[in-house]
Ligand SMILES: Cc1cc2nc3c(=O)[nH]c(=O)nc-3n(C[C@H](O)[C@H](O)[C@H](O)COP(=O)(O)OP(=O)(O)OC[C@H]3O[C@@H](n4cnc5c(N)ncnc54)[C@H](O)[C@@H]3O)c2cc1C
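Encoded as structure tokens, the following chain is the form predicted on its own, with no partner shown.
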């Protein structure tokens, strides 16, 4: 016989913990599966989050889990969901240890993983000199020598954004063609364009030091902004049959959700955080978790009322 929960949340990042807090306070028996470090684990600090700006990622999650400890309705357990079956109201989730638990609703909060390019030194500098989000890290490298790296048709988009933090900026492409219109704009802005792909990046122990291109060019930079491809950290959504869609801006296959409710195309399965189609940020992850908790609570409450009325009327 499997253990029965109102909700099983896959993932104990900011989105999953936020959803758990909302559900637990609503008297819903909730299991949170903690699958390990979050996507922003390589970063020294998490930023752009109200009241917690500059908090290290692991400390942020420690504080979040501490908040849940006083609620007997919430259980946080180390483990990963390896699969799930069933339908709305009667799901069964299989854990990596072989145990199975049942749930009326499932919340997928496992997020996405950055796929590191095969460039020596890149992964080591990720989150410590090479960044994805300027809203999270731009302030710390403001006014410093920076670079953007990406495909030719996207490089202008990134240049326009990163110039907000520094005008000492260069553009590096991955060898793809750069449209002539973009070349003219970069030239007018005084942003050098290097079309040779990156051969390696070098760090100095504290952060990024230089970028070495395949043509031999060495460029001293203190920060580089790019967006490597992303992939889902969990295959449970696919197992359940949730539809996905490719988002070019994110370079990721994300889970399709209904705007406002965060429910997937499979009834009873919801998404909190950046595994779904939403803007990626800590603040949005927290907000989505809170919203998902509220919507799931409403659905559970409505189902409970219908069941009680039917039992009384029988």
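Positions refer to the first chain, counted from 1. The structure displayed is predicted, hence computed values, not measured ones.
The same protein also has a form predicted together with the named molecule, omitted here; what follows describes it.
With the partner omitted here, the stretch from 229 to 237, 155 to 163, 216 to 224, 97 to 105 that lies within 4.5 Å of the named molecule by heavy atoms in the predicted bound form is 229 to 237. The shortest heavy atom separation between residue 122 and the named molecule in the predicted bound form exceeds 4.5 Å. In the predicted bound form, at least one heavy atom of residue 33 sits within 4.5 Å of the named molecule. Heavy atoms of residue 264 never reach within 4.5 Å of the named molecule in the predicted bound form, leaving it off the interface. Though the partner is left out of this view, residue 257 does not reach within 4.5 Å of the named molecule in the predicted bound form, counting heavy atoms only. Site residues 56, 129 and 141 are none of them in contact with the named molecule in the predicted bound form, judged by any heavy atom within 4.5 Å.
Residues from 10 to 24 that approach the named molecule in the predicted bound form with a non-hydrogen atom closer than or equal to 4.5 Å are 10, 11, 12, 13, 14, 15, 16, in the order they occur in the chain.
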